[in-house]
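Next up: just one chain, as structure tokens, the form predicted alone.
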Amino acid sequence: MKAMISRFLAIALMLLLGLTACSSGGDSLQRIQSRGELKVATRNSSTTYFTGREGPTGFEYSLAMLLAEELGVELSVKTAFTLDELFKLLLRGDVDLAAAGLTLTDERAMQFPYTVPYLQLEPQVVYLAGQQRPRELDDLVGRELVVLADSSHAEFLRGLQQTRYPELTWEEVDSADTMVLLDMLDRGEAELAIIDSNEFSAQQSLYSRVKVGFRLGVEQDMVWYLPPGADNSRLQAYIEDFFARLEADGTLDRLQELQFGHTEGFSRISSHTFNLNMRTTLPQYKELIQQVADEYQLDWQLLAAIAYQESHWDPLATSPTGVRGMMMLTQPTARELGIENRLDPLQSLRGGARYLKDLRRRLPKGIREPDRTWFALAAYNIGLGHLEDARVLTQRQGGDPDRWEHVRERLPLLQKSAHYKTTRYGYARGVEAATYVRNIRHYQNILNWQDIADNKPLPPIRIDDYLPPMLQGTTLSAL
């Protein structure tokens, strides 16, 4: 009872602070447009916002950028390192909204206005392979369970503890990134964790030993939250229409496919094997791959992913059909590219990079990035002629021949006589080409995420524990 009263008082105090911070009131939408800036709070993670090869990216960032462009304003992003910090940004009125992969909960709905849902996800209980698998809620009791502090999962566990499992215990980790939980499982510092399905799907490739024990069963709505104490009605209506249009024209699906599509259908064993090779074999060739990527203005992670898909970074690889080397070039292709020794890793990488650039250049001008790269990869596997046949089949069936997701669906038709006999170049292993591109995208993203994990900014260092009481409360930004 005492804990419940304390929590109620804390919520009341937060509401009071929020109302005070937003006492200026006013129409939120008008204020954003007058200011010329949309201020958004988010989390630094692979599913929300991070700095990629070409600058800021991430699913939530992409959505917020589209909204800012529609409003004709600049986008300003504030990164929170904990969920508590993120909601305090809202309470203080420091931001216009929080776009951070947040689910709608009763507790949050009591404190903050929110938008219509734009996505659904399902919380999952995950565990380390080789440990006892949890299969139902009863299996959470007595186990070392971790969740993010102030998350919907912590709220869910409190409800379970109060209603069904008074002996249930867990640890709340003060972070905004579920990668911290996966790290704890991987290092053996916890037995179980609760993670949303989209986040686990996006990050599982880095943690191939972590598996889903069971799903908690109820899909949850993802929403954006707004600051309390201001007139958000017009902004909420605008965002509702915004999400409706993104869903109607397919933009929402395309963003999901771009950010998460490469993870579908990829086996845990394949991810584990790649991670092992990434630690043991890649370091021998990484500088060489980066050198060639710079020479040909390619992302080194893309070139490395192609080389792995072709040869597992083996410069002496040879197939039964005669293709050889790290990039598995045919003799005619090597001769055309001026490659004298296909088994020399530098020559092979240069030949593969040049060939990919040439394929990308020869594609129709209407194909835009990133689809242009996926098309070029497919052509690297089955040739431009068969790729064009798949584009023709796509157009015949009412799809868009310039969009990879539409053509990818038709590539398997090149293996069915009813379809390939109507094409110019005939039969081709279309399923293999689609899988080839999917694998490379997956490997590339693992390499990207590894870079993000290695170079991720650290949260501010708390120094309270090292100061006398009169000086506590000071923070020092991590260098």
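Just so you know, these numbers come straight off a predicted model, no measurement behind them. So that there is no doubt, residue numbering starts at 1 and follows the sequence shown.
The same protein also has a form predicted together with glutamic acid, omitted here; what follows describes it.
Asker: If we define contact as a non-hydrogen atom of the residue within 4.5 angstroms of the partner, is residue 309 a contact of glutamic acid in the model of the complex?
Answerer: Although glutamic acid is absent here, residue 309 would stay clear of it in the model of the complex, with no heavy atoms inside 4.5 Å.
Asker: Flag residue 199 as yes or no: does it have a non-hydrogen atom within 4.5 angstroms of any non-hydrogen atom of glutamic acid in the model of the complex?
Answerer: Yes.
Asker: Although glutamic acid is absent from this view, report whether residue 228 comes within 4.5 Å of it in the model of the complex, heavy atoms only.
Answerer: Judged by the heavy-atom cut-off of 4.5 Å, residue 228 is well away from glutamic acid in the model of the complex.
Asker: May I ask you to state whether residue 83 is within 4.5 Å of glutamic acid in the model of the complex, using heavy atom distances?
Answerer: Looking in the model of the complex, residue contacts with glutamic acid include residue 83, since a heavy atom lies within 4.5 Å.
Asker: Using a 4.5 Å heavy atom cut-off, indicate which stretch of 325 to 333, 94 to 102, 350 to 358, 131 to 139 touches glutamic acid in the model of the complex.
Answerer: Looking at the partner contacts, the answer comes out as 94 to 102.
Asker: Considering non-hydrogen atoms and a 4.5 Å limit, which listed residue (236, 152, 373, 79) is close to glutamic acid in the model of the complex?
Answerer: When glutamic acid is considered in the model of the complex, the option within 4.5 Å is 152.
Asker: Please tell me which of 195, 90, 289, 387 lies within 4.5 Å of glutamic acid in the model of the complex, judged by heavy atoms.
Answerer: Of 195, 90, 289, 387, the residue with a heavy atom within 4.5 Å of glutamic acid in the model of the complex is 195.
Asker: Check, residue by residue, if 414, 429 and 439 all come within 4.5 Å of glutamic acid in the model of the complex, counting heavy atoms only.
Answerer: No residue of the spot touches glutamic acid in the model of the complex.
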